[in-house]
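For reference, the chain that follows is the form predicted on its own, supplied as structure tokens.
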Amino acid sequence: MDYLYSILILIGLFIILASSFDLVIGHCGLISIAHPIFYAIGAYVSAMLAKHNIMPIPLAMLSGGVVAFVASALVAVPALRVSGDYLLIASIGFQLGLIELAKHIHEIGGAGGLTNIPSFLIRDYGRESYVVLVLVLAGLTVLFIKWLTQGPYGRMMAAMRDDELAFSMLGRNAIWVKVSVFGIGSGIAGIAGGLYAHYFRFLEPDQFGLLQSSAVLTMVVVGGLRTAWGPVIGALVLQLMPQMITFFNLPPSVLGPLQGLIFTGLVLVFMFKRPQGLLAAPVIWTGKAPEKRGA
């Protein structure tokens, strides 16, 4: 049962990650694939705060989300002021640089990883309680993003994404919208990182590298950009698929690269054959004049 619980928790965590990433790359149109580094920031911050008894675990998880939010602003503000495309370069550099830095900081475990992270709920209420917690938070994340994107803020995001120049000419601050959305998505990822840390109780920098980025990107692209349930379906499909591959008993040296090839291949196939993903986003405006009705 522990194996099944771990799979369910990973599915819930990836639903949170994919949904928050879709908010950034889909709804807001920001080009970034470094979402897992904010997941890592939240995980490490929450783990260290709880391990040293600085604050209770729930507050440590929220603090991890806040630190991830602040870190995202430090990356996004300078990059977006130059050009939107620089966000991709800045975020990848930030991800790779922070991973290498973490490998050399012995206080957080270094390259060997951080161990003995305090658990949450499991000791008193069993693993079932943690499964419920993660799945409930995954559902709340989906509903929150759906509420956010379908309201006035969501219409503002769509207008900025579709025509940033016209949006700015109306007196709106496009930079503020981009930074705020990037921060919200990154903060949610940071909270998910705290949930991961206090269940698996081990963190290692390479867990949050480019393979993780390709996995989350694949979930969003396969499921469907700018849809509430697309990232959910993508997370289910892409999390269950590697579990089926493990039954072939392949060595880790083969299994890791094979998963990367599958993720990359699926992205390419869907981009060319079905760019809208398994669930297509609703078409709001097609650019065609409305047909005239007969008398």
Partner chain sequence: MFDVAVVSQILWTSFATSSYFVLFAVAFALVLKVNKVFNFAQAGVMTCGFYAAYVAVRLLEWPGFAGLLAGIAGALLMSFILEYFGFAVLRQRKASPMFVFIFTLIVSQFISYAIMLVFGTWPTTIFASMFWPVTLVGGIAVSAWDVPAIAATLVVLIALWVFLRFTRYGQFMLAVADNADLAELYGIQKNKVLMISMLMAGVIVAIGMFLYGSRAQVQAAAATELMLFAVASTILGGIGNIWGAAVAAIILGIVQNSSILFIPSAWQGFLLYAFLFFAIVLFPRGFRLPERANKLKRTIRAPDALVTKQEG
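Numbering follows the first chain given and starts at 1. Worth saying up front: this structure is predicted, and the values here are computed from it rather than measured.
From this point on, the text means the form predicted together with its partner chain, which you will not see here.
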In the model of the complex, G126 touching its partner chain (heavy atom, 4.5 Å): no
Its partner chain contact at G139 in the model of the complex, heavy atom, 4.5 Å: no
Contact of F120 with its partner chain in the model of the complex (heavy atom, 4.5 Å): no
4.5 angstroms heavy atom contact with its partner chain in the model of the complex for L225: yes
Its partner chain in the model of the complex reached by all of V221, G260 and G277, non-hydrogen atom within 4.5 Å: yes
Segment assignment from 41-49, 227-235, 54-62, 25-33: heavy atom within 4.5 Å of its partner chain in the model of the complex: 25-33
Residues within stretch 59-75 having a non-hydrogen atom within 4.5 Å of its partner chain in the model of the complex: L74, V75
Closer or farther: C-alpha pair Q239/M271 in the model of the complex, relative to this form, given a change of 3 Å or more: closer
